[in-house]
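Only one chain is given next, in structure tokens, and it is the form predicted alone.
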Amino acid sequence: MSRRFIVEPRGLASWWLKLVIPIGSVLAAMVLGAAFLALTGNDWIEVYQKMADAAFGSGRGVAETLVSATPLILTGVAAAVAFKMLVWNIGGEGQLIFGAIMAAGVGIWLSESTPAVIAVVVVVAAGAVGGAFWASLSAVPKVYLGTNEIITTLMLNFIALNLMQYLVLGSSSPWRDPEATQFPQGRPIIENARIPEFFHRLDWGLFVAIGVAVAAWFVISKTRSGFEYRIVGNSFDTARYAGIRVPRKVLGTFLASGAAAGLAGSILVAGILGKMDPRSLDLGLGFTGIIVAALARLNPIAIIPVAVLMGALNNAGPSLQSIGVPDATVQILQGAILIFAVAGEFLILNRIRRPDPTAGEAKATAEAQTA
């Protein structure tokens, strides 16, 4: 019996298909979410209106959405630049946390008399260095020993998380506030190391994140190094034949990915948190960044609006409790978006069609004539 449908490579997909399918993935996830809400006895229209109002219905809501989007832009870029080179860095969460540890440590160590400009730059840069270092613990074995980076980066996520909790909750380290007697808290960094806010809680870290996304796009798309990067991402063997040092490129990409995630941690510490707070940093931002990168099809520029969308969902979650809907609904929507984004990527790369029944007859006729 002949197959009713066949799957074949699409080749070069049109620009409109690359645009429509990600949008369709979000809409399909919203439809699935609406069906789930209806089955659980909730008014899905009211829920979605509440979410939209919380995320964009006021100046404060917009500001909070952009605050939530800022680290997601950076973790999205971290995932995108690695995945595009077929380096499966699943450790954005751990790299963000270790970046926060480094940033908080430097922010505590600096003198109160340090000029604000220098203090902010040093603290933020410390987070990027910390993220790159944490990524190197997987990158070096990957490049020189051939280890599986998926396993090592996942393991390092839990190590970083437990290290952060130990420094604040389980020890008397410099990261723990000695004045907090009732419940352990992180020690605040010096005031001069705080990123200035300009609209409610929104600070200049947003523009740093956007700048990193734009810079990543420019380097990948417009420079010689980016051209080599794309060749390595398409085929390691082709890159080696062209004389490109593949191990160096993979290592550099891995470290850049970790630096972007670590930068997200340092912006949180120097920005809205002002300290290393385990409860505020253990939010799965590194894993959500993977969803952002997948929906943006690994395009650093497209990551910006997708991160805003995810930030809006995160911002809207707590408001759902006022109408009796658990904020875990947001996680369901994010998971559905990832599933449909992966399915959409399959449709961009492949087409599904019915086989031509006359093709088999023509082939049989041709074989009979040549027999």
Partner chain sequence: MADPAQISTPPAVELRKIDKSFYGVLANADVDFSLSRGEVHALLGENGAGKSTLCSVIAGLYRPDSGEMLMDGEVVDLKSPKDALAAGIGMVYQHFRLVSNLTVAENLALGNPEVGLRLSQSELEAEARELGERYDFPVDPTARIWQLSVGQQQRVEILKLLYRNVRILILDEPTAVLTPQEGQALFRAMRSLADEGRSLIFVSHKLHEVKQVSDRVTVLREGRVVGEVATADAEPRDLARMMVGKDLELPTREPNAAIGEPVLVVKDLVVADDRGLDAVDGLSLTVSAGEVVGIAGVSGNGQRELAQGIVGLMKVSGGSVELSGKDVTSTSVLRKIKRGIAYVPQNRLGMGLAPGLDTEDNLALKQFREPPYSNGPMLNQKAFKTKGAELIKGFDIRGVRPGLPIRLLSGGNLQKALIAREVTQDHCVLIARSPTRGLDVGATAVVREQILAERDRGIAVLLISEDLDELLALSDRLVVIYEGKIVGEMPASEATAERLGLLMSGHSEEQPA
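Positions refer to the first chain, counted from 1. Worth saying up front: this structure is predicted, and the values here are computed from it rather than measured.
There is another form of this protein, the form predicted together with its partner chain, and it is not shown here; the text below is about that form.
With its partner chain left out of view, the stretch that reaches within 4.5 Å of it through heavy atoms in the predicted complex is, among 110-118, 270-278, 175-183, 230-238, 230-238. Note on contacts: among 122, 202, 210, 244, the single residue with a heavy atom within 4.5 Å of its partner chain in the predicted complex is 244. Its partner chain in the predicted complex comes within 4.5 Å of a heavy atom belonging to residue 218.
Remark: residue 248 does not count among the residues lining its partner chain in the predicted complex, judged by a heavy atom distance of 4.5 Å or less. Taking its partner chain as it sits in the predicted complex, the stretch 257-280 never comes within 4.5 angstroms of it through any non-hydrogen atom.
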